[in-house]
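The chain below stands alone and is given in structure tokens; this is the form predicted alone.
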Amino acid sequence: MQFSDDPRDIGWVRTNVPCQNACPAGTNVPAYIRSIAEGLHGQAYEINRESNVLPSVLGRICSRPCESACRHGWPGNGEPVGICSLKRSAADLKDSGHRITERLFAPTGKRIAVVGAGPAGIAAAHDLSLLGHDVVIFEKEEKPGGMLRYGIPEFRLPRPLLDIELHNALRLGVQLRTGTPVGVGKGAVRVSTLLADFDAVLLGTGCMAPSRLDLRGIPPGQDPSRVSQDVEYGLHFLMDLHRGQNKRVGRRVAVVGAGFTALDCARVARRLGGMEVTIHLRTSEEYIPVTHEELFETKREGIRIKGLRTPVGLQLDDNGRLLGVEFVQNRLGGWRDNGRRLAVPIEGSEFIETCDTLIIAIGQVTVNDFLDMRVELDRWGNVRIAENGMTSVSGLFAAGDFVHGASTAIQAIGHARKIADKIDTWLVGRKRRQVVQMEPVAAPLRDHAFDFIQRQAMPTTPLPERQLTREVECGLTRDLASEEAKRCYLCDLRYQINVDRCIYCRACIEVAPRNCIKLISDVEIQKDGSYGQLLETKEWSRVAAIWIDNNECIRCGACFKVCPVACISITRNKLITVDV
């Protein structure tokens, strides 16, 4: 085993392990999937926790950017590996007596206050505690978890499981003060007080206000949720429900929005007795930022999805009760910067959809009125941070949605871990962790036959048995997890040909099941020192080397087995954190 900070090695991992590169937390996906294939579920769980401190949680509710990047899902390769389901299986199938192991630094004597016990706050507090700092979390709600607890329904994320994961994340000395708001109100702790009492303060309060929707039919400038009791914002709807309030909906429920919150509101409304629940989209379902699985289960539960419409007005009776929502018909326009389509309203196409309840779930924004000092903001009202993660106030850092706006749990965790590392560097005066590790592998770890295994379907609770608190996805069995894990290409395995030993017999080229072994004349070198494109040639007089193209390689090992001079080597390459 050896370590390297060579940009060619770091660049190789980032280019050739697309799932890990796509994960905001940098989770070593191939390594934990290989452990599952070997039946080592506890080991797989630990590999996950190195990057993602809440594997069992994210294994249920992650937005799965890794699966979108998975090479198994590229054209001609079939469906992506069920990476998220396998993450959950590692947690579900590990031994009941599994013991968590973590590397600890010596105490530094530094004290850090973290504001907010959501995904970002929890992840940062966990990492900072491992680095030897004393951490105190201030949370205004009665229980930790943030939107994990108060925003996501129990049928997607069971609360006992969330409690266990949060306990494991904070068990190494993090002090949690719930029911303790930070702000300028009566009884609240001021941020300026925290800055005076602690060596550093991290703001991780997320996006705790719903995006407003202006509608015709009500007085200008008024909030529609205050005009009619039948209109509610999705954020408040879910948070009130999970704080223990009894929520009711009418027979016909309209949900406006295109994200996970909109789908969650619709599925909750269905369970609360809504007979006709409909989600209304500005574009169409092909372009909304949710997983195919969530969309599929939403439809299975009898919820209709109607696209190409924008709400523009309300119809209310004389008592303020909702009669219907006025929409304008849209057509698809060009592409937005975020990769989604524009919705272009069609003039004169207004129409009415009758409903008894309207839930508005079009997004969330940050709230800054709790700060008792001036902090520089960007044009969206999010706090601006410097390269070192610090705001315009010395010692005041920020992470997660409070910086970037509404995102996903895995994005918040990934960003918070990076900011925690920057806080540590600022407090200690030097960087204490860096990355890349390579270890030799004696023989191929997968067979070409694994390519033909179909993606394993997630078992689910039968429709008649689905309730507010009963989990819909049941988890992969041990056998299903093993089969799904075999599908992984194990992109962290690097096959290399030693050109000094190669006799150019072409045996590897002839046995390769894909066009993955190529004759090249040169390799481009990027500005950062990493490898670029392969410059292929068909002329033997110009061949500088026989090169394995990792974009095409499926790690089947056929070339390794057939080479007569054993000039092909295999190494496992991974980006990890190591103590400096």
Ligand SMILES: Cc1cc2nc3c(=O)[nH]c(=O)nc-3n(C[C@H](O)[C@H](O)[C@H](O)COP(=O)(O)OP(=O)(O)OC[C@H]3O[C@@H](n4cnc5c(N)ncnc54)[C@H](O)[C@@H]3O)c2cc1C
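One-based numbering along the sequence shown. If you're wondering where the values come from, they're calculated on a predicted model, not measured in any experiment.
A second form of this protein, the form predicted together with the named molecule, is not displayed here; the remarks below concern that form.
Asks: Is there a heavy atom of R156 no more than 4.5 Å from a heavy atom of the named molecule in the predicted complex?
Replies: Taking the distances in the predicted complex, the answer for R156 is yes, it comes within 4.5 Å of the named molecule.
Asks: Would T180 count as a contact of the named molecule in the predicted complex, using a 4.5 angstroms cut-off between non-hydrogen atoms?
Replies: Close contact exists here: in the predicted complex, T180 approaches the named molecule to within 4.5 Å, heavy atoms only.
Asks: Taking heavy atoms only, is Y233 within 4.5 angstroms of the named molecule in the predicted complex?
Replies: No, Y233 stays farther than 4.5 Å from the named molecule in the predicted complex.
Asks: Is S228 close enough to the named molecule in the predicted complex to count, meaning some heavy atom within 4.5 Å?
Replies: S228: no contact with the named molecule in the predicted complex.
Asks: Of the options S407, S482, T283, T391, which one has a non-hydrogen atom that comes within 4.5 Å of the named molecule in the predicted complex?
Replies: Here the answer is residue option S407.
Asks: Quick one: of S129, T357, S89, T205, which gets a non-hydrogen atom within 4.5 angstroms of the named molecule in the predicted complex?
Replies: It is T205.
Asks: Please state whether all three residues I61, L238 and T261 have a non-hydrogen atom within 4.5 angstroms of the named molecule in the predicted complex.
Replies: Result yes, every residue of the spot touches the named molecule.
Asks: Select, from the options 408-416, 310-318, 247-255, 328-336, the stretch whose residues sit within 4.5 angstroms of the named molecule in the predicted complex by heavy atom distance.
Replies: One stretch meets the cut-off, namely 408-416.
Asks: Using a 4.5 Å cut-off on heavy atoms, which residues of 90-128 contact the named molecule in the predicted complex?
Replies: Residues within 4.5 Å: V115, G116, A117, G118, P119, A120, G121.
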